[in-house]
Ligand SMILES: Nc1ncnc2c1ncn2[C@@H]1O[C@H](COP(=O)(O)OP(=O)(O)OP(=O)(O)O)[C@@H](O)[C@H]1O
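As structure tokens, one chain now follows by itself in the form predicted on its own.
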């Protein structure tokens, strides 16, 4: 168990800045997720913490001890990779035991620790098998057991569930949450999958182009995305965006797009006016906050056309054509509509976000 701090870390690969002056503090016993698209710098950041990459600038601390000069094997962290990295000629038992064998731990103690880890992950019956005799999920459990058996200061997991099927990933998410809370070990988890991040993390750092776009608890990131990148990255289906401006119309302040306008509550209007830029804005709204009906839905509703219908059983995603763009709405599973049919849409004004189009930062 350890607090991990990275301070003003920069890492370059030639002319590419993979990690661009980021600072993070991962709390002791925290499940911390680095989330972002491919190439955003999350795996490089993890490798710097592990000591597998050396940063060009900045420092890494374990508790208050600087570990920049400490080699990976002395940092007392356990890594689990996307590729499992098991020794193909060894049984599952020997793969799990290997870190203890290297340390010359007595064989009776090795057996005890291996069996405890195997029992924790439900793989006692697989210990005599070699990796080629195991499924992807079983191999991942062996890799996790090998990390657990070391009793490290921290677990560093790099996309560990990417190579297993969707159904097993759901089960393994629950296993990892339970394991981390049981072991109370500081955990840093890298993923591009927002569902993994939202369901598992105590806190998430969303990375984009080598920088941290937002760092917060999952629900706060979902409710208040700090910029348009985060807003578009978090949520399924993703956020809808409309270019708009602030207009005064019949004693009301409205957000006006090319196709519709929304009357703003006075407090929201005041915040946008206070920001200064009122002519170049972005309205963002989640598909769950757009209602669709075959009858008009009152003031500020607007007529549109059905582009596609995606029934999912628990809900139906309705794609609408609005001003030349496709807008997604999440409707009840009973909603039915034909392609090209005219319908009415209404945005929940209490759930909107407004961004500055130039800076892409959240206004309200």
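Positions refer to the first chain, counted from 1. Only a predicted model underlies this, so the values are computations on that prediction, with no experimental measurement involved.
Not pictured, yet referred to below: the form predicted together with the named molecule.
Participant: Though only this chain appears here, would residue 40 touch the named molecule in the model of the complex if you measure heavy atom gaps against 4.5 Å?
Facilitator: Yes, residue 40 is a contact residue.
Participant: Please tell me whether any heavy atom belonging to residue 304 falls inside 4.5 Å of a heavy atom of the named molecule, as the geometry stands in the model of the complex.
Facilitator: Contact with the named molecule, no.
Participant: How about residue 82: is it within 4.5 Å of the named molecule in the model of the complex, going by heavy atoms?
Facilitator: Residue-level check for residue 82: yes, a contact with the named molecule.
Participant: So, in the model of the complex, is residue 44 in contact with the named molecule at a 4.5 angstroms heavy atom limit?
Facilitator: Taking the distances in the model of the complex, the answer for residue 44 is yes, it comes within 4.5 Å of the named molecule.
Participant: Of the listed stretches (30-38, 308-316, 57-65, 293-301), which one has a non-hydrogen atom within 4.5 Å of the named molecule in the model of the complex?
Facilitator: Of the stretches listed, the one contacting the partner is 30-38.
Participant: With the named molecule left out of view, which of 343, 9, 354, 18 would have a heavy atom within 4.5 Å of it in the model of the complex?
Facilitator: None of the other options qualify; the answer is 18.
Participant: Using a 4.5 Å cut on heavy atoms, which of 259, 76, 159, 175 is close to the named molecule in the model of the complex?
Facilitator: Selected residue: 159.
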